[in-house]
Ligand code: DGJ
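Shown here is one chain on its own, the form predicted alone, set out as structure tokens.
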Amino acid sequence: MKIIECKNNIFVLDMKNTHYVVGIDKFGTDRMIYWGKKCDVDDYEIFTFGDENSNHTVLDEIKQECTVFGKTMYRECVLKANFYDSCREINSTFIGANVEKDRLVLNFKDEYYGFVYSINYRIFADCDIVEKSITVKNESENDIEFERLFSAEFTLPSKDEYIISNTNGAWGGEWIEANEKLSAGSIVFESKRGISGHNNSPYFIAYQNADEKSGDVYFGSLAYSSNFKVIANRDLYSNTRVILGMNDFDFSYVLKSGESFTTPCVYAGNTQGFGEMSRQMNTLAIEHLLPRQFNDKQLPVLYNSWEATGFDVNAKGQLELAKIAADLGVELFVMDDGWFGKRNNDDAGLGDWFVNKDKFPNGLNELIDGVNELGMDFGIWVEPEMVNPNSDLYRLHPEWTYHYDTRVKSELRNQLVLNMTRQDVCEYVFECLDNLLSEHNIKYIKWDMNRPFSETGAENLSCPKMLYYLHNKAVYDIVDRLKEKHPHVAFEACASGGGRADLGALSHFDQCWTSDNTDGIDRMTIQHGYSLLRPIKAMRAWVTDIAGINKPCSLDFRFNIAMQGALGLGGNLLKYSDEDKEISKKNIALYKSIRHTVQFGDLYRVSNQDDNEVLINSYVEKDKSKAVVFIASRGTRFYKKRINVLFDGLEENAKYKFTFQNKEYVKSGAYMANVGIPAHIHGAYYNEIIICEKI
């Protein structure tokens, strides 16, 4: 796996199973040559042709890696700039390539305006993933303003129609898949809220005749947690292109003389089937993207006290919950909202990150020490980007929020968004959290964000339209600084549920909150959508007292679903019966025995509940020594369902032992994958977990 430099300025990104081939033609234009299964590298060449006619130019037809605005090119572009004299056209020439073992940089320059841009590539030895980004540099004495500054462009190889997949979700219903055949024109997915959001996702999946195991699948995921845009287009020549990056809605980026800027990265690949796509992206995230402190460590079973106590928190009540949680086998106790400022409801206190003395007259250490004595680590909830107008911070610094002096500030959940593009605001947030972590034995921070942006005035900025990027960067920087100073603390990204569950956040946070909807039935669908391009290890999944928004489901059923990620509990343990506690204790012990397989193994989605009425997910250790198969059905229709359960991902010639539906088996991996084991799926909410051990 390396970058191969061929004759005539052709570069082959040689990965495990695929080639990504780019080049420079005789006119100095970047060209996308091929993306797919490996071929003989000596066979690759660049074909040139002329304009179709005066209305359909060669620039509109050729396949490029970074289309720039200008000349006779009328399709969507990656870069669009305004120069000092109002010229908006980029006219660049190729000035050379930098080649290393796993990295390639193609450099271009617009000599007249002193503008340089580079297309950056990186490949990873353990998966068929290419990383792409764009670097722009200003070598002139004048400002260069960008109206569009996307990260990557992809041209898909087939002339046939692709189905483009993204999400069309909502708060409480994140990651709901949306699939649309692209015959002509464009499909756009985007966020304009200041976070990557609950609706569309910052990625694309394009496929033809694909399922979990087969069919051409192309995909790319943007590592960015703010406003994004994905544009998929099919032109009159039947070329399907996808570009993606920071949204150009309400966007501008000014590059000063001598400055450079690199866009957020996109991670892209081509696989046979959706299953391999997910497994490659899971490997990429764990091995290369997740922060190094905890990327190779199993995430603990946590308990969060929010549903039990709401804002009514104190040391006595929290310790009462902690004692029950510890007895169940919980490893991390997390106190949620209500511990700070004058926070008795969501009307006050945000921004005042000091301990509420009425609730904790002896400080937090009384509670933390008690939790630690029970054998658990302690974690806490914060929402650092927000402020309540009813707070000491806002009364002292009303100018610290995004605002326009001539407009009323819109409150959502009784709060406003702090202007994180200000250095004084960032330092205040950092110092508050740094003091909190320095003075207390806290091992976990749940970082929340409960509203999108509005009134996006930032009078401190000469170009206020840069605020979305700068705000996002500030969040990343603060988390990175805190992690460097407090390397023992794990961070969770949360934004009203799954509003910040993207590869950008997961390059800085150790895990993410998947959705505020913890309904076990709904989670079957939500977690399926999450698993497509995001790491299972980082997917927090709770068992709570929401026993089925649509229909009731058992505690065992809820555990079955939540154990397919990073397990947590969030119910009111004070109301648990002895039977509930025993069920919880049993399942937590079981999860600990299979946790490594779930968090670090390969996921095989054998059956989709929305299509087949039965959910079957198999998690397999990398060395094929162990597999854990989760089966769950929310109710089969008309007749009781008799199926053969297939066990994907096992070593074909090895024997595995397991117990299923009260019968012991010893079967080969090949038999289990192709023939399967007969099962009778019956009852309203059937669920079972099978552990397969290699003999």
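Nothing here was measured: the structure is a model prediction, and the numbers come from that model. For every residue, the number given is its place in the sequence shown, counted from 1.
What comes next is about the form predicted in complex with the named molecule, which is not displayed.
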Consider residue 309 of the chain shown here, and say whether it contacts the named molecule in the predicted bound form, taking contact as heavy atoms within 4.5 Å. no
Close approach of residue 529 to the named molecule in the predicted bound form, 4.5 Å, heavy atom: no
Can any non-hydrogen atom of residue 494 be found within 4.5 angstroms of the named molecule in the predicted bound form? yes
Can you check whether residue 446 is within 4.5 Å of the named molecule in the predicted bound form, heavy atom basis? yes
Tell me, out of 513, 150, 203, 228, which residue has a non-hydrogen atom within 4.5 angstroms of the named molecule in the predicted bound form. 513
If we test each of 138, 391, 597, 450 for a heavy atom within 4.5 Å of the named molecule in the predicted bound form, the one that passes is 450
Has each of 337, 381 and 413 got a heavy atom lying within 4.5 angstroms of the named molecule in the predicted bound form? yes
Looking at 265 to 273, 461 to 469, 219 to 227, 494 to 502, which stretch has residues with any non-hydrogen atom within 4.5 Å of the named molecule in the predicted bound form? 494 to 502
